[in-house]
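Presented as structure tokens, the chain that follows is alone, the form predicted alone.
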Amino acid sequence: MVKITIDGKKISAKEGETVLKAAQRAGIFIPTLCNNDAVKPYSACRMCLVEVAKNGRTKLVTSCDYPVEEGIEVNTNTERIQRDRKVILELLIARTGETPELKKLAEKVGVKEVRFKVRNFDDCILCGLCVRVCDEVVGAHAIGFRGRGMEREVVPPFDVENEQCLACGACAEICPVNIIDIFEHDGTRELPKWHKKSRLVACRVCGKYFATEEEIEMIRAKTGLPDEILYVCPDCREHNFTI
């Protein structure tokens, strides 16, 4: 274990964990938009800034990817941090507009007005969570970043439907501002943002739709499971099969 101090509170942190994770375990709030335990830290949103004092020097770091070290002192809510967080959030709102999630976070960090011109340039905050979950967890590599600066966006290759996309919905589930729509109707799942439409597979036991054809084929390729298991939903599978 590593001994550190966060906001004057001495805590024991696990060696190798991040300052953000140590703070969360200690019940200390640090705002974040791009962090999720399912993927590696990316420090894209910069909302998790903290001040770290080490060897007599203080610096601003992103707590989501800064590892704990013996004896460091961390401050999570100084005037400098408050100022920088507010500017970052104002810029995000100026780019995307005020989504319910950003509005809630603005209330927490004390943003009462946006001093920049709201352009509503895009609804995406460019946190990269959807790209990372598609790469690191699903393994489909179906979407990615394109462009730079204000032109930067997340799209499938050439901004057309990508056959690699499984329409699994992991990107929609992990999006912190809920702007990736996913619809299911008439045995079809659709993700308009990625121009993706896939047929759903119905459970052979209960009849409910539970996965796309692409998901089934991916699981078949990775596991070699037979159809009598693949085409049964997880709930029915739990009660009817032992794998």
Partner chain sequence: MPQLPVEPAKAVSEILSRYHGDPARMIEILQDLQEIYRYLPKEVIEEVSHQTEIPINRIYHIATFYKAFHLEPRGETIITVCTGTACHVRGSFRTLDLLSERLGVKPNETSGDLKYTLETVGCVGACALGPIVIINGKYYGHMTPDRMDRVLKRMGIIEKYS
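Positions refer to the first chain, counted from 1. These numbers were taken from a predicted model, which means no experiment stands behind them.
Not pictured, yet referred to below: the form predicted in complex with the partner chain.
Although the partner is absent here, residue 144 is a contact residue: one of its heavy atoms lies within 4.5 angstroms of the partner chain in the model of the complex. Although the partner is absent here, residue 98 is not a contact residue: none of its heavy atoms lies within 4.5 angstroms of the partner chain in the model of the complex.
With a 4.5 Å cutoff on heavy atoms, residue 113 does not count as touching the partner chain in the model of the complex; it lies far away. Remark: residue 104 does not count among the residues lining the partner chain in the model of the complex, judged by a heavy atom distance of 4.5 Å or less. In plain terms, the part of the chain that comes close to the partner chain in the model of the complex, with a heavy atom within 4.5 Å, is 160 to 168 out of 75 to 83, 160 to 168, 119 to 127, 90 to 98. Contacts with the partner chain in the model of the complex, taken as any heavy atom within 4.5 Å, map to no residue of 60 to 80.
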